[in-house]
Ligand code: ARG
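First comes one chain, alone, set out as structure tokens in the form predicted on its own.
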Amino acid sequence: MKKAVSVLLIAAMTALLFVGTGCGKQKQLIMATNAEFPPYEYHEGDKIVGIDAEIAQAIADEVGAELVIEDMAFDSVLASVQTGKADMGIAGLTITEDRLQNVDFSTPYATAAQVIIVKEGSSITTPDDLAGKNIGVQLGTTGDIYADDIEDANIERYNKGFEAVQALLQDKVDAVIIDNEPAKVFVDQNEGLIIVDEAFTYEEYAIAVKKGNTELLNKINDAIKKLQDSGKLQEIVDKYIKAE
């Protein structure tokens, strides 16, 4: 009888020790992104910063998790979410019908536009002028997707938006289609480039999660609503995008 009590006591103490250790370890929330997309995500020293990075941190704080950011090629972000290697994809992701076949999206947290970058003096002044031209895009982006509909255009795909802009500067392409905010950064950094006045298309950004993961999706949506209602989301955006 004494032996049985001792065994039970040891088992109970072991269980308590295990629970105590487990409670001390915070759950991780893994974010897949492509940190080549200022001001939404980009490198600042050895850190990844930007609008999406701060929104992700705020969501992690809301759900009581440690945020871990995994940087990868843009066209790997959704695949990482699909396979469960990442909990969520935040990379200036636009909701499209094709993407909805493979992942679920949160409520939108930002609106954006795809715009056209050209050299000063270019004959391209509207989206209609892109017909038959050489156009640079970042692989896997909505700019890449929508460019396929341009009549007789030759589409050159690059792993990074920066590489597409460099190709434009070197006259390898006639124009670059890319999101509006990164476009502003690239134009500011490179003399002789301008953004065409008329946007190529408008869209909304949202957070991708693995299809069917409604528990996480609901938590993300709740966190986004709290950020919007409190004004915190706008504060984050205003920190990186100054009113013109």
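Residues carry their position along the shown sequence, with the first being 1. If you're wondering where the values come from, they're calculated on a predicted model, not measured in any experiment.
Same protein, other form: the form predicted in complex with the ligand, not shown, and the subject of what follows.
Enquirer: Thinking of the ligand in the predicted complex, which stretch from 61 to 69, 211 to 219, 34 to 42, 193 to 201 has heavy atoms inside 4.5 Å of it?
Expert: Among the listed stretches, the partner-contacting one is 34 to 42.
Enquirer: Determine whether any heavy atom of Phe186 comes within 4.5 Å of a heavy atom of the ligand in the predicted complex, and answer yes or no.
Expert: Close contact is absent here: in the predicted complex, Phe186 is far from the ligand, nothing within 4.5 Å, heavy atoms only.
Enquirer: In the predicted complex, is there a heavy atom of the ligand that lies within 4.5 Å of any heavy atom of Asp179, even though the partner is absent here?
Expert: Flag for Asp179 set to yes.
Enquirer: So, Gly136 and the ligand: in the predicted complex, are they within 4.5 Å at any heavy atom pair?
Expert: So Gly136 does not count as contacting the ligand.
Enquirer: How about Tyr109 - does it come within 4.5 Å of the ligand in the predicted complex, if we only consider non-hydrogen atoms?
Expert: Output for Tyr109 is no: heavy atoms all beyond 4.5 Å of the ligand.
Enquirer: Among Thr94, Ser76, Ser122, Gln166, which has at least one heavy atom within 4.5 Å of the ligand in the predicted complex?
Expert: Among Thr94, Ser76, Ser122, Gln166, a heavy atom within 4.5 Å of the ligand in the predicted complex occurs only for Thr94.
Enquirer: Out of 137 to 152, which residues reach within 4.5 Å of the ligand in the predicted complex, heavy atoms considered?
Expert: The stretch touches the partner through Gln138, Gly140, Thr141, Thr142.
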